[in-house]
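First comes one chain, alone, set out as structure tokens in the form predicted on its own.
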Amino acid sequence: MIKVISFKICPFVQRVTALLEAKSIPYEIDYISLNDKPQWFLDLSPNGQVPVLITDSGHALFESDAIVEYIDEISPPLEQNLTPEQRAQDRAWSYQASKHYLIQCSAQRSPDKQTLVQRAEKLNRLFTKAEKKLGDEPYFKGQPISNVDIAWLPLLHRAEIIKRHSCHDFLKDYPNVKKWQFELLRTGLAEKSVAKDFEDNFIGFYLSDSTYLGSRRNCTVANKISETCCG
């Protein structure tokens, strides 16, 4: 069985596990601490980052983009009969999301409001692009769920948690994106693709008392976790 090596709040890992869940591919998952990486993990991961996927034949794959492509190659696609042009467009829109994962992480960790506004500018430009692209259908391309939806899921999932716990809405100016967020979260893929205590860990880091967003709620939990350990 496929095994995924994970860090609980890494968005790159969630992209991988969400795709596995969407395709109903069985997998096991091991969680490690990125503050104390075990040597066996460093032996597997050339860049020392998660996710790492161990194939059925025992090969270790790293870099989330490569892992997603591998999953697509060993399983039926979420969408049938896509042309090469359509697949290329999907990869491009998926990359638009994944290259903003750490930007979102940085914005969520902002120590004050001014820093949050500055760091959120790149996210605003991203959501503006999506707002113009989205239509009346529930998902990015209509029906069914596509690889693009899976790539954007970590961003939209985290934005929902932030809004629920701090009342800060990264998507307040983007009604189409908010509708897409609602429909995508309603599938249950967000909860299925993370650990049971994901939200507690997420809140403890991004809504700690050292962050501006944390100051908007009663949170005194502070963890020291590097944001450069997943990719």
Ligand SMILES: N[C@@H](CCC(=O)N[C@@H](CS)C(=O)NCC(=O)O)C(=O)O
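Since the model is a prediction, treat every value here as computed from it, not as a measurement. One rule holds for the numbers: they count along the sequence shown, beginning at 1.
Beyond the structure shown, there is the form predicted in complex with the named molecule, which is absent from this document and is the topic of what follows.
Student: Within 4.5 Å of the named molecule in the model of the complex, heavy atoms considered, which of Ile162, Val194, Leu171, Val50?
Tutor: Among Ile162, Val194, Leu171, Val50, a heavy atom within 4.5 Å of the named molecule in the model of the complex occurs only for Val50.
Student: Only one of Leu44, Leu34, Ile203, Ala190 has a non-hydrogen atom within 4.5 angstroms of the named molecule in the model of the complex; which is it?
Tutor: By the 4.5 Å heavy-atom cutoff, the listed residue in contact is Leu34.
Student: Considering non-hydrogen atoms and a 4.5 Å limit, does the named molecule approach Leu213 in the model of the complex?
Tutor: Because no heavy atom of Leu213 falls inside 4.5 Å of the named molecule in the model of the complex, the answer is no.
Student: Could you tell me if Leu207 has a non-hydrogen atom within 4.5 Å of the named molecule in the model of the complex?
Tutor: Judged by the heavy-atom cut-off of 4.5 Å, Leu207 is well away from the named molecule in the model of the complex.
Student: Is there a heavy atom of Cys10 no more than 4.5 Å from a heavy atom of the named molecule in the model of the complex?
Tutor: Looking in the model of the complex, residue contacts with the named molecule include Cys10, since a heavy atom lies within 4.5 Å.
Student: In the model of the complex, which of 182-190, 59-67, 163-171, 195-203 comes within 4.5 Å of the named molecule (heavy atoms)?
Tutor: That would be 59-67.
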